[in-house]
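Only one chain is shown below, in structure tokens, and it's the form predicted alone.
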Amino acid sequence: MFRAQSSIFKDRNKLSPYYVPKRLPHRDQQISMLLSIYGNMLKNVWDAYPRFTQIVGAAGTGKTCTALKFGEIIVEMAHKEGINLKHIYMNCKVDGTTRYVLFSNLVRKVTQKLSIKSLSPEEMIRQLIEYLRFEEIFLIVTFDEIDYFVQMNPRERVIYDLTRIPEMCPSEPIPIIGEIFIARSLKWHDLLESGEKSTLGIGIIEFPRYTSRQIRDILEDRVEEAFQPGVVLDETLNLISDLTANPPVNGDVRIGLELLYYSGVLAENLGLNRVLPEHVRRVYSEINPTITTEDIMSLDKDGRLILLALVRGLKANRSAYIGLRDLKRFYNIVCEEYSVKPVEDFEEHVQDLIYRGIIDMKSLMEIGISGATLVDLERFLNNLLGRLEA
């Protein structure tokens, strides 16, 4: 079916938080540090021991994009040296509800040749190491949102397993030469045992929040790739950059990309060929500046239904907060509406939303949506309701 070319967008996919651009402004230093850690290992890769690195920074500071871009570069460097190196990216919110699920998904991302149905998590890693040795494949694995996983599974001791890999086969070369752990802060270290902290090490690369000027540089690159020439005015970019750099967004470039995208959609729906500051102001007033579409899409069905129930409850009560009992009541109504059986571990799912930073829980009687008091609650809830039900 023929679709007319947009007068606004050239390629709107270039505004997705999952898109890794060719250039990462203001993250050259962090990429260089990763390359200095792992690049030298390629000179004698068979004798290399795993190195563990931590990437730490607030939401939207480019941690994931930087890790993925580093992966592309290091794999290409290895290929030129005749080394079969793979970079595997694991998002612990998506790939690992438990240690068993996390390790099984890691094995599947590396190869489909291994049967792991009856294996324990430790045996999966051993089988993976044997496979990598046999195929002469080397691995660097990035574990994104590791802080979320440890908070949700403090007794799993996944860090112990991942950092003790050399001890599994002490006399053999280790094909997993690097592990990168991405977290928003170092608070998750409080849940680790002393032995885990010791083997994890102190290799930390910090990602500071973006300034308004830096955000503008990032958005300027994306505008060139995503929009038709001359569509986004300089004043529009300046406003988005300032809104993104300042509280409550605090430099989260994902929010800046969403503001840019939805402002473009609004201009397109109005039949205009320019994205104006007024479009940005209108979009900003209708979103929560701490929750992105990416956050919603990363939730499983039960998480979305509980969030939907919270939205309904807040609207019905016309309040910034409702109690846990009311939330469960609205959740049961939503489940009945969608013909879904309510989960038995309801409180655990609520805790999951708290750890994700999507909802706040001040007490059993005060559960709300993060930052919702910072915008027009009614308009935001209507907007969020539409995105959830879509």
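Residue numbers run from 1 along the displayed sequence. Worth saying up front: this structure is predicted, and the values here are computed from it rather than measured.
Absent from the display: the form predicted together with a small molecule. The rest refers to it.
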query	finding
The small molecule contact in the model of the complex: Gln54, any heavy atom under 4.5 Å	no
Residue contact check: Phe103 to the small molecule in the model of the complex, 4.5 Å heavy atom	no
The small molecule contact at Phe181 in the model of the complex, heavy atom, 4.5 Å	no
Contact test in the model of the complex: Phe138 vs the small molecule, heavy atoms, 4.5 Å	no
Selected contact from Val150, Val275, Val249, Leu257, since only one has a non-hydrogen atom within 4.5 angstroms of the small molecule in the model of the complex	Leu257
Proximity to the small molecule in the model of the complex, single hit among Ile218, Ile174, Met124, Val158 (heavy atom within 4.5 Å)	Ile218
Options 262 to 270, 306 to 314, 196 to 204, 218 to 226; stretch whose heavy atom lies within 4.5 Å of the small molecule in the model of the complex	218 to 226
